[in-house]
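One chain follows as structure tokens, the form predicted alone.
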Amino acid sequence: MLRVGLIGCGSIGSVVARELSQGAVDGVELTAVFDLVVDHPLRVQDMDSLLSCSDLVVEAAGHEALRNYGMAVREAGADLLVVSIGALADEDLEADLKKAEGGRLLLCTGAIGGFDILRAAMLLGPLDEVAITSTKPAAALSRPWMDGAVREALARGSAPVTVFDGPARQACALFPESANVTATLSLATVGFDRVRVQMAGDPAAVRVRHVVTASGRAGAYELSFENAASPGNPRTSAVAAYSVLRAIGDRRAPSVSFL
């Protein structure tokens, strides 16, 4: 039986906790939940309590939580499954978590896929260009630091509004709740400083759309994903929580694996 501890019980973590408690993944038991705000029947008061009963710890609490607790998980010998991958745009944090000894560092692919073919293409020859365009319901992208006219267009406009066009590292800093797919793509391909990101808010959008393009010696690729938004958080795709469950199931070493 694989014992799973959970950091964070928000829009993603609460779904993971519910599904694991209902036996959604064979051979897996949810043993503890650590959240500073949200209550849960398995809630523990500190990380030591969580680590004492976990073989795998799922981080689903945001960038700051990964910074605060990620190293402790690995050094305790538990595997760490990271959901808030955008936090790894911090070069120091990425380096520290990668070099830590103990449990394995596992990255959840989240709301997009296709990393297998892109990584294979990288082996044949470097990818020359990698880009991702993310389009979300307009209200989900409004931020206090934006120009007033941009926020007004997002709130009351009738046409899509591009709110960012630049490198992935900057996108992850400006949109920490929305940039995990960008970070995963960057780590799987050419890095945070070479992946180009466009983010747009569309008042007519009811789903979250991601389009990944890449080209290089191996060929040209276009991958498109359109996900329903999470009922609890419109900045997150509903499928993200189920990507965590899929990753936990893969960690359980099924008899058939897609590699």
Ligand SMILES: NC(=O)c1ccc[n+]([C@@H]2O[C@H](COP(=O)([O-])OP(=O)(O)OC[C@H]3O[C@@H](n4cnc5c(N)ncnc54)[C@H](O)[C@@H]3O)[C@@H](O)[C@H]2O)c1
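Values in this document were obtained by computation on a predicted structure and should not be read as measured data. All residue numbers are counted from 1 along the displayed sequence.
The following text describes the form predicted together with the named molecule, which does not appear among the structures shown.
Only one of 36, 53, 220, 206 gets a heavy atom within 4.5 Å of the named molecule in the predicted complex. Which one?
Of the candidates 36, 53, 220, 206, 36 is the one lying within 4.5 Å of the named molecule in the predicted complex.
Could you work out which of 73, 168, 185, 83 is the residue within 4.5 angstroms of the named molecule in the predicted complex, going by heavy atoms?
Checking each option against the named molecule in the predicted complex, the one that comes within 4.5 Å is 83.
Can you pick the stretch from 188-196, 211-219, 24-32, 60-68 whose heavy atoms fall within 4.5 Å of the named molecule in the predicted complex?
Stretch 60-68 is the one.
Could you confirm whether residue 94 comes within 4.5 Å of the named molecule in the predicted complex, counting heavy atoms only?
Output for residue 94 is no: heavy atoms all beyond 4.5 Å of the named molecule.
At the 4.5 Å heavy atom threshold, is residue 17 in contact with the named molecule in the predicted complex?
Outside the cut-off, so no.
Wondering, does residue 177 line up within 4.5 Å of the named molecule in the predicted complex on heavy atoms?
The answer is yes: residue 177 has a heavy atom within 4.5 Å of the named molecule.
Would you classify residue 78 as touching the named molecule in the predicted complex, given a 4.5 Å non-hydrogen atom cut-off?
No, residue 78 stays farther than 4.5 Å from the named molecule in the predicted complex.
Hey, which residues along 112-131 are within 4.5 angstroms of the named molecule in the predicted complex, non-hydrogen atoms only?
Stretch hits: zero.
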